[in-house]
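Consider the single chain below, provided in C-alpha cells and representing the form predicted on its own.
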C-alpha cells in the first residue's frame, strides 16, 4: 500500500481543508511534529501553573465565604466566590475554543492528534467546579511540550501534575510508617500507582503483581499538591526505606529523584514499549494492528528509549499505515473539527461564540454524541472501539448537528457537489456524491456529506 495524501490528512491529521493542501509525503506529515508550536502560539491556553483564577484563589474564596456565613460580609464573600467560579467557567470555555481553533487551523494536525491521544492516555477528570477549569491547562503544561518527545520525560511531568495527583487521590496517600502517616493514622492510597502501572505504562497484561503495585505506591508517597504551594515533595509523608518494583530495588525511597529513576526504568520496560505502541497503532490505524508494523514500532521505541517521533516515523513509513480498509470512527471532537476544516470555517467564528452559543453549538452536542467536554468516563479514558461511538443516540446527535449547525458557523455554504470532494477527497463514494448532488438545497446537501459514514471515519 502506497502513501495516500488524502488518507494521510484524514487518518493522521485533523481532516481535509481547502486552506491547506494534503501532505505530499510522509516527511510532510512528520514535519508537523518539528519546529515551533505555531498553533499553541496562535491559540494560547494557559499552563496550569499560570492559569487564572488559580485553584488556591478559589479555595481561599470558598473558605472566606464559609467563614462569613451569618455575618455582614456574607453577601460580599458569596459574590466574590461566584465571580471566581464564573471566571473559571469562562476559561474552560475559552480552552475549548482554542483547542478547536488549533485543530481547524493546523496545516496537517498530527501534533494536535498526538496531544489528544496522550491527554486520553493520561486521563484526568476534574472533581468539583473549583478545579474543573484545570484539565486542559494541565494538558498544556505536562503533555503538549512532550507529545513528540521522549515518553519518559512526559511520564515524569504527568506524575507530578497537580490535576493528576488530585484526580487519583495521591495527596491522601501516606507511607504507613512515615512521620505524617503515623501522626495522622493514615495509610496508602494505591490509585496513582495502579493506574500508572496498568494504564500509563506496562498495560493490564504487563508483568507486574499486586506486590509491585503496593511497593510502587509506597515509592510514590511524598508526591503531594497544596493549592498554596503547588506541587511539592514532602519526605515526611513518604514511606522510608527501600522499595522493589518489577525486581529492581530502589534503596533510597524517600526522594523525588528516586521516583524519577523508577519512572525512567518503567518507561524503558519492554512491556511499556508494547503497550504504548499498540495503543498508538490502534488509535491511528485500527484494531488488530499488522504484526510487522507493531514489531517495527516497538523496536523503534526500545532503540530510541521511547522517542515518540521515532515511533511515529516507524508507523508512518510502514505500508500498513495506509491500508484503506481499516478506518476508525471519528470521535465527536474530531468530527466537529473536521467539519469546520472541510467547510473552511474561520477559527475566529468558533472563538467568538458566547456562552449560550458555545453550549448550543458545541458542549451540548458533544454530550449528545457521547463525548462531553473534559469528562471521560474513567481513568482509562475514551473508548477506542467503534461500537462505543456508533450508538443510536450518538449518531442521531451527529446527524442533527450536521444538518443544523454548519450554516450557523458559515452562512455561505459551498455547493454540495464540490464540497463532497473537499470533505472526502477526489474519489468519494458514488452514493454520497449522488445524494449530495440530488439535495434540494445547500444546507441539506452539506449535511448529507457530513452525516455520511464516509465522513464519520478516518
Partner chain sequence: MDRRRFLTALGCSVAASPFITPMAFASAPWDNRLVVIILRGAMDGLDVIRPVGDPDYAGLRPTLAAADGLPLSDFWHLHPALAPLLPLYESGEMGAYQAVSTPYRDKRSHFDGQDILEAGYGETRSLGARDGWLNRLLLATPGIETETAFAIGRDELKILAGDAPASRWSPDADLRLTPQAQRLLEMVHHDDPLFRDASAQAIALAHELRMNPVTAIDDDMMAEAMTGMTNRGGDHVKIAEFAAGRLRGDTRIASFSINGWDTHLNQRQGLARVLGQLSDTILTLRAGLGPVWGKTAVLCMTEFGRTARENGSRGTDHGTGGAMLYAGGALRGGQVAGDWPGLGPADLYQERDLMPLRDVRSLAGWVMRGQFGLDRAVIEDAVFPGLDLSSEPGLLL
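Residue numbers count along the first chain shown, from 1. Since the structure is predicted, the reported quantities are computational estimates derived from the model, not experimental observations.
Omitted from view is the form predicted together with the partner chain, to which the following refers.
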*Would residue 303 sit within 4.5 Å of the partner chain in the predicted complex, counting heavy atoms only?*
no
Open item on the list: Residue-level contact is defined here as any heavy atom of the residue lying within 4.5 Å of the partner chain in the predicted complex; does residue 74 satisfy this criterion?
Closed with: yes
**Asked** Would residue 125 sit within 4.5 Å of the partner chain in the predicted complex, counting heavy atoms only?
**Response** yes
### Query
Using 4.5 Å between non-hydrogen atoms, is residue 355 touching the partner chain in the predicted complex?
no
Q.
Each of 58, 79 and 136 within 4.5 Å of the partner chain in the predicted complex, by any heavy atom, yes or no?
A. no
Note: exactly one of 40, 403, 413, 409 sits with a heavy atom within 4.5 Å of the partner chain in the predicted complex, namely 403
None of 51, 422, 432, 28 but one has a heavy atom within 4.5 Å of the partner chain in the predicted complex; the exception is 432
Within 4.5 Å of the partner chain in the predicted complex, heavy atom basis, the matching stretch of 382-390, 87-95, 260-268, 140-148 is 382-390
Those residues of 134-164 with a non-hydrogen atom no more than 4.5 Å from the partner chain in the predicted complex are none
